[in-house]
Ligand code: PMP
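Heads up, the chain below is alone and in the form predicted alone; it's given as structure tokens.
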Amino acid sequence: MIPVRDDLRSLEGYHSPQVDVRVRLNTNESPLAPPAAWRDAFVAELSRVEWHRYPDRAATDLRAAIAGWHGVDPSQVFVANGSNEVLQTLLLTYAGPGRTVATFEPTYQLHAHIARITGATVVEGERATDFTLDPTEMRRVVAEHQPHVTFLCSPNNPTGVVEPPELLEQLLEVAPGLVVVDEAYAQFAEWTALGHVDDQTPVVVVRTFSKTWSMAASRLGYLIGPRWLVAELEKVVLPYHLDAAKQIAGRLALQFVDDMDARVAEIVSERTRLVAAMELLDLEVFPSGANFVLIRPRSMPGRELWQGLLDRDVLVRDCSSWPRLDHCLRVTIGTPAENDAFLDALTEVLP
């Protein structure tokens, strides 16, 4: 056996356990499929792909469509295989050995994980007990470590916290390097950092088609950032990394914005209903601006609650063993029927 790099020996992979259950609410996928008209258009275009030819290396049409939707120039758009490859390309370009990446924990685990894989040093700021981020702590981390890349996840995964706009503004005032705002769940919240993106400010906004666009199977993500940054990413990413099917899927999805908005509205409505019902139970329910809610039982261990739900054919994400998330579970918002099944199981398990 050939040993891996010394700095990777202690790393564990990122896993989301999959179990065959009737109600699966553990991966923050959309519970609603894309519109049938999108499927028909996708199949029709797929049938005309010249499979013996490489795809458009620059993803020209897809980038133009994304740029048109956001009101930016296509040269400000970078697309990749899911937002995770966007993050990986960013960190390969701006992190690495001898450089520092800052996160504020708990937050999306892959920020730190991918940074460590690139060889960067990761420094962790601490969120408050309600998972909000104190500006004083943010300033302390930045002043003490002078990070080359600083992550801000809003809405934050797995806590659901939406960072206030003024927090980002304060971070941009003091951060010495690149600020990455991960907005995988932005359409479920009330504001976005996109208005801060320009060619003078070292900030990028990362998005995904997996959640609000109901396209988790396609693995498509993108960022909006300064032109000079996108040009640097193009030097690092592998050639022809984005296949023809993804480019078609994403471009066609943007023709169905109204359908996407309707799905988001339905999920937000169900989130409101679910939160109201859970607040009547023996649970600590954390505010969320995403398509999931973090909860903590008051009268039993989180792992025991997770198992009780699983015994009733309902799977949620067990975060109870994660640092700073003692006894917490994360519940994806499902269809009304799925949410009802979850609430019924929850009521049965809780003492």
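The numbering used is simple: start at 1 and walk along the sequence shown. Note that the structure is a prediction, hence the values are computed from the model and not measured.
Heads up, the form predicted together with the ligand isn't pictured, but that's what we're talking about next.
Asks: Since exactly one of 104, 78, 185, 213 fits, which has a heavy atom within 4.5 Å of the ligand in the model of the complex?
Replies: Of the listed residues, the single hit is 185.
Asks: Work out which of 118, 100, 93, 84 lies within 4.5 Å of the ligand in the model of the complex, going by heavy atoms.
Replies: Result of the distance check: 84.
Asks: Can you work out whether the ligand is within 4.5 angstroms of a heavy atom in all three of 108, 208 and 219 in the model of the complex?
Replies: Yes: each residue has a heavy atom within 4.5 Å of the partner.
Asks: Looking at the partner-bound form in the model of the complex, is residue 157 within 4.5 Å of the ligand by any heavy atom?
Replies: Yes, residue 157 lies within 4.5 Å of the ligand in the model of the complex.
Asks: For residue 142, is any heavy atom within 4.5 Å of the ligand in the model of the complex, or not?
Replies: Heavy-atom contact with the ligand at 4.5 Å: absent for residue 142.
Asks: Since only the chain is shown here, I'm wondering whether residue 138 would be in contact with the ligand in the model of the complex (any heavy atom pair within 4.5 Å).
Replies: Because no heavy atom of residue 138 falls inside 4.5 Å of the ligand in the model of the complex, the answer is no.
Asks: Any chance residue 153 has a heavy atom within 4.5 Å of the ligand in the model of the complex?
Replies: It does: once the ligand is placed as it appears in the model of the complex, residue 153 has a heavy atom within 4.5 Å of it.
Asks: Pick from 243-251, 230-238, 122-130, 177-185: which stretch has a heavy atom within 4.5 Å of the ligand in the model of the complex?
Replies: Going by heavy atoms within 4.5 Å, the stretch is 177-185.
Asks: Which residues, if any, of 32-71 lie within 4.5 Å of the ligand in the model of the complex when only heavy atoms count?
Replies: Stretch hits: zero.
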